[in-house]
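There is one chain below, alone, in structure tokens, taken in the form predicted alone.
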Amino acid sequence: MNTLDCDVAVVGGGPAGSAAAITLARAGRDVVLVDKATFPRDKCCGDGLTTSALRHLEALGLRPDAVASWHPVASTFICSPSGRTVELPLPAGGDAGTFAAVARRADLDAALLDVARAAGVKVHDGHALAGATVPAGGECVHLAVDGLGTVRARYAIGADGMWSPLRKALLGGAGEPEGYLGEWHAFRQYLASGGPEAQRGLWVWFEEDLLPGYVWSFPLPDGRLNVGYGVQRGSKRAPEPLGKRMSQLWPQILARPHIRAVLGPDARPEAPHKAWPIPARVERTPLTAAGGRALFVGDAARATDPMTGEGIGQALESGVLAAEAVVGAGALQPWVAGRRYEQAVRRGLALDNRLAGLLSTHGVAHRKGIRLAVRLAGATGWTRRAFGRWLFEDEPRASLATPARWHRHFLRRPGAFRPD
């Protein structure tokens, strides 16, 4: 049996795992990353990138021209149940930078993993985690990896999804809600030949029968669209079994006149539809195991925004935070790494997601609430611009409640990937 030694082993090659691996490698750590999938691989997602996600990607060294389906957008159209539509413009032109973009996850994740390889990360895709143990003494973590042998590391970072095999191996069922299926469930299909209205920007329809869920249409190059919808699990509008009900409802949603008018008469499916659960309970999820030797990030930390279902920015942020905690603590103080990571998440992501959850439950869950929100957002040119930037996480959700994150350029910073 082969044994591979490293400083940190990362399980999972999505945005959270790549962000952690890149940050660690740049800090001089020897990093091994494993993933059961072979990249590029498809990942069920809306493919939308917020301002926060874009800034993280830029800091990590991703180049947009390395992502084949990269498509910047400068406007969002939000539609209330009453039919009112408000355009939320994002800064564009000159040296404003990019505040929102769309990119297929198959392309984005593979390109980010290439950045990890270039940083010195030893990437082993196509190799699944089979088990994990912490020997007596707790000085390292042993990972059993199919086709690779044993990976022995001072730290392991679990970026392996909401049902993290690494967490299950190290914690069993501790801290796990029985029968957990996520807070949201989403449904997506790629369409070809989208109409000109759909290509103008990101479209979000708050349909009364889906609240606090919504329907989206996000543009991709060559007239393609990522179209889907999400519903909150457990709400009265989301009867079980969700997957079957959502599949039955999908043709009806695509046929709704106000949605079809945007998608265009020629829009047609180019791939089968897919559905997936969305975990959004970072404040109630174990973030560490094995005395701090293992840290969980991205969907394994269940860090998705509970209001929008967006998870790429949160994945990138949690991956960087975990890596920084490991670097700051050093190899011999795992409890310090665990504590630093948990504190960083509580001060930022958990607080932001708690506020987003409250807004979802008490605001957009109700017809009157979302109508009021859309009306206020569209009241003036300033509210349209400010709401668009807030919605796309130009600033953290709970910025006003966290003075440590205040700065002079609130909602006035440039976007990512500004022209040289």
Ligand SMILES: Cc1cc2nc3c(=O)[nH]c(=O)nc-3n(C[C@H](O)[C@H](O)[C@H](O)COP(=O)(O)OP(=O)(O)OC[C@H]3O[C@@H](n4cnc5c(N)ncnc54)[C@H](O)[C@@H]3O)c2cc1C
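Quick note: we count residues from 1 along the sequence shown, nothing fancier. Remember, it's a predicted structure, so these values are computed and weren't measured experimentally.
This next part talks about the form predicted together with the ligand, which is not shown.
**Prompt:** With the cut-off set at 4.5 Å between non-hydrogen atoms, does K122 touch the ligand in the model of the complex?
**Reply:** Answer no; every heavy atom of K122 is more than 4.5 Å from the ligand in the model of the complex.
**Message:** At 4.5 Å between heavy atoms, is T304 in contact with the ligand in the model of the complex?
**Reply:** Yes, contact at 4.5 Å.
**Request:** Examine F39 and determine whether its closest non-hydrogen atom to the ligand in the model of the complex is within 4.5 angstroms.
**Result:** Looking in the model of the complex, residue contacts with the ligand include F39, since a heavy atom lies within 4.5 Å.
**Prompt:** Would G161 sit within 4.5 Å of the ligand in the model of the complex, counting heavy atoms only?
**Reply:** Yes, G161 sits close enough to the ligand in the model of the complex that at least one of its heavy atoms falls within 4.5 Å.
**Prompt:** Do heavy atoms from each of G12, C45 and A128 fall within 4.5 Å of the ligand in the model of the complex?
**Reply:** Judged in the model of the complex, G12, C45 and A128 all sit within 4.5 Å of the ligand.
**Message:** Please tell me which of G201, P277, G97, P81 lies within 4.5 Å of the ligand in the model of the complex, judged by heavy atoms.
**Reply:** Answer to the contact question: P277.
**Prompt:** in the model of the complex, which of the listed residues (V31, L54, I370, V34) lies with a heavy atom within 4.5 Å of the ligand?
**Reply:** That would be V34.
**Message:** Looking at heavy atoms inside 4.5 Å, which stretch does the ligand contact in the model of the complex, given the options 66-74, 22-30, 45-53, 381-389?
**Reply:** After filtering at 4.5 Å, what remains is 45-53.
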